[in-house]
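Before any questions on binding or motion, here is one chain by itself as structure tokens, the form predicted on its own.
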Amino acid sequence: MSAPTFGGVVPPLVTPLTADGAVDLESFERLVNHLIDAGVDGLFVLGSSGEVAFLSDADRTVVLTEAVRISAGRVKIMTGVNDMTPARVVAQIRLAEAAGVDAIVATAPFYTLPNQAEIETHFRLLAAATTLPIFAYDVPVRVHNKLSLDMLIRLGAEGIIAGVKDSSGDDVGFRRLVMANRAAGSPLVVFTGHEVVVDGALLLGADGVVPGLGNVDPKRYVDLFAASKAGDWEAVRRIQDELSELFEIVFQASGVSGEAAGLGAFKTALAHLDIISTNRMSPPVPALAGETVERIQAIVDRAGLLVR
């Protein structure tokens, strides 16, 4: 596995939609180039920010093939292969392999509610089915299971998985993972999925960040990561504070689902920046509108993104 080639800033791409709900390929190309031009190290497609749960296999295939085509080898492409059971995940892996991605990102099975032994078997089955590097996606809010620290280190040491995308929100658990990984000789590439405590994660020893807000402001995340590599932690904290102010866009909606409030805010900001054409969400999730949109636009304007 080629785990050492992964790391840095890898935004989880949103999937732009046209007014009638189709994948908006023109907007998607603008978004991919927007991120690559900002200096990101990779792209993560078909994650939670990409509305993967709402997309048909046909739409997932379009997103995968277009991401590979547009990036043209300039950055690594990682893709989510989320599904309920190993057999269904392997079917998603086949789509990813055919598109030519560089790595896959897999959650624990869901709906079936497996125990940790079954989750470990799940990852072993995936590894046996592909030569692509596998990143374990630790996202208990989605799958109702927290990946075991001992299991992750064991699977990393055996070469079953190449790394972990930690979106658990568990900062103590993240620190334990980084420390245990280091003690084991660093077999895993460890990403944080946090937007607003990236500075702390990098100080702990994270190898990279997968920030949804990176769709909107990739350059600041690139600058933050570069400052951490240079040991300029004062700059890291300053840039993180600026990103945290921008992250306020996700708190502007009320009376809607977290999907609509958070991801809807990213899409609304990107539409305001003319990177994507609409802020439409996949049904049944509503697009943000009215005063909520105006508040998000004002926060984006204060961040200076239109003039950068």
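The numbering used is simple: start at 1 and walk along the sequence shown. Note that the structure is predicted; figures quoted are calculated from it, not measured.
Absent from the display: the form predicted together with another copy of the chain. The rest refers to it.
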Among 71-79, 152-160, 213-221, 138-146, the region lying within 4.5 Å of another copy of the chain in the predicted bound form by heavy atom distance: 138-146
Proximity of Glu259 to another copy of the chain in the predicted bound form, heavy atoms at 4.5 Å: yes
Non-hydrogen atom contact Arg94 with another copy of the chain in the predicted bound form at 4.5 angstroms: no
Non-hydrogen atom contact Asp207 with another copy of the chain in the predicted bound form at 4.5 angstroms: no
4.5 Å heavy atom contact, Pro187 to another copy of the chain in the predicted bound form: no
The single option of Asp274, Glu26, Asp37, Asp241 touching another copy of the chain in the predicted bound form, heavy atom within 4.5 Å: Asp241
Within 53-68, the residues that have a heavy atom no more than 4.5 Å from another copy of the chain in the predicted bound form: Ala53, Phe54, Leu55, Ser56, Asp57, Arg60
